[in-house]
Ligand SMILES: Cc1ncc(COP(=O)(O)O)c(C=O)c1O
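A single chain, nothing else alongside it, follows as structure tokens in the form predicted on its own.
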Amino acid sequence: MGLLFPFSDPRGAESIPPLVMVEGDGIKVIDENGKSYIDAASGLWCASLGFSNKRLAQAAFDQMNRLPYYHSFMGRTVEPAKLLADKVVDLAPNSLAKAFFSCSGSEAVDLAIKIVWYYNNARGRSEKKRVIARESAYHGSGVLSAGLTGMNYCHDGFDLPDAFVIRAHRPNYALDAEPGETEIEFSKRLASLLDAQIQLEGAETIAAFIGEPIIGSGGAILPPEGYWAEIQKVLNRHDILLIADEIITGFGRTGEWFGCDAYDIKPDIMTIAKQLSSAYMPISCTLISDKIYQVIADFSHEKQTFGHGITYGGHPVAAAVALETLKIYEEMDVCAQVKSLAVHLEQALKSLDELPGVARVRSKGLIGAIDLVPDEGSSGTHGQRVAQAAEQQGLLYRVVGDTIALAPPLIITVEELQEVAQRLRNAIASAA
């Protein structure tokens, strides 16, 4: 087979045939043998409207026939990209004013870092370039974005340029809190540790802090009470920009339009992708505040250009699909729908909490997680056993070591959530 599989063991892929999907049906995908699976992770946290939305297919078809490609370089653009930029800025937190389109989350994060560096050069602070990123964070697999990612499998063997990264503590209350420590006390302690870390490293060298409102691929880690309020106090004190990585949490996933809305985060820069088009077309976006825009606009005017762009950024077909996706979200009142479904996801997870082999459960909106008790002396093997049993049950989700991470399509029904819970119950029991 000619395909080099991402995030897979190449030798294992040589001996074990891949699971080939050929069709979508609502929240389900169907393999080449006709077997149907509920995908309780929306693919990769992204297929928010499921796998068979005809309106999105029609939007792509219509735009493909009208204008299949044009760019936004050198004072030109396409109507869908212009309309989408205005719409995204309108939906985003009030601190954000300008949108720049790319094709993937990794590209959006890479650009966020480039803008931070460019901004500080424009301010005459060329030494202020380092970025704080947290343990267990996932920010992409590009060069800069993978350097920010706080998981070894993105680093091993690649010699990524990570000297610009300062690694901060993850906000995992369940595993990292001290005995008797409340969530508020834990949050204050992490903020105090961050403040000390900044003073030790030198605030004059630190440009930004990047964080997912909810850590996704690192294990669906929910921020403890007070965490983001305390962290923002520290960053404001030291003139450090805040980059909110909303690539997973954006567009209703938490029960609000953005994770920033759910946790009262006021970002200087925000990255979005995935659910922006329900993953039907590759598109991402980096949003920046007016404060940053005004500085880099003047700096770029001096240089007679803002020297960044990619051929497919703001692609008219991708932008048209994203516009239709946002229209569907508004018609379905996506935030209200997710809040309603979130109650049932929470109940479903609580019903699994007492099973042998389950350590704890948690959820926010339509993000959920089940931590399994690790096998003695072997991290991740319990998680793999349950995942294999779940696949036999016709259920797919995100495996993070010994954590089951769930992010079902936002169109899932209460009955389908109950079916997910039942298949998980069967899988956990059979793998015990």
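Keep in mind that this is a model prediction, so the values were computed, not measured. Counting begins at 1, following the sequence as shown.
Below: the form predicted together with this ligand, not depicted.
Looking at residue 274, you'd find a heavy atom of it within 4.5 angstroms of this ligand in the predicted complex.
Interface residue remark: residue 253 is not counted as part of the site for this ligand in the predicted complex, having no heavy atom within 4.5 Å. Although the partner is absent from this view, residue 212 contacts this ligand in the predicted complex, with a non-hydrogen atom inside 4.5 angstroms. Remark: residue 219 does not count among the residues lining this ligand in the predicted complex, judged by a heavy atom distance of 4.5 Å or less. Contact with this ligand in the predicted complex, judged by any heavy atom within 4.5 Å, is made by just one of 172, 104, 232, 120: 104.
Only one of 138, 258, 228, 280 lies close to this ligand in the predicted complex, with a heavy atom inside 4.5 Å, and it is 138. With this ligand omitted here, the record of contacts in the predicted complex names 138 to 146 of 331 to 339, 198 to 206, 111 to 119, 138 to 146, defined by a heavy atom within 4.5 Å. Taking this ligand as it sits in the predicted complex, the stretch 229 to 260 comes within 4.5 angstroms of it through a non-hydrogen atom at 245, 247, 248.
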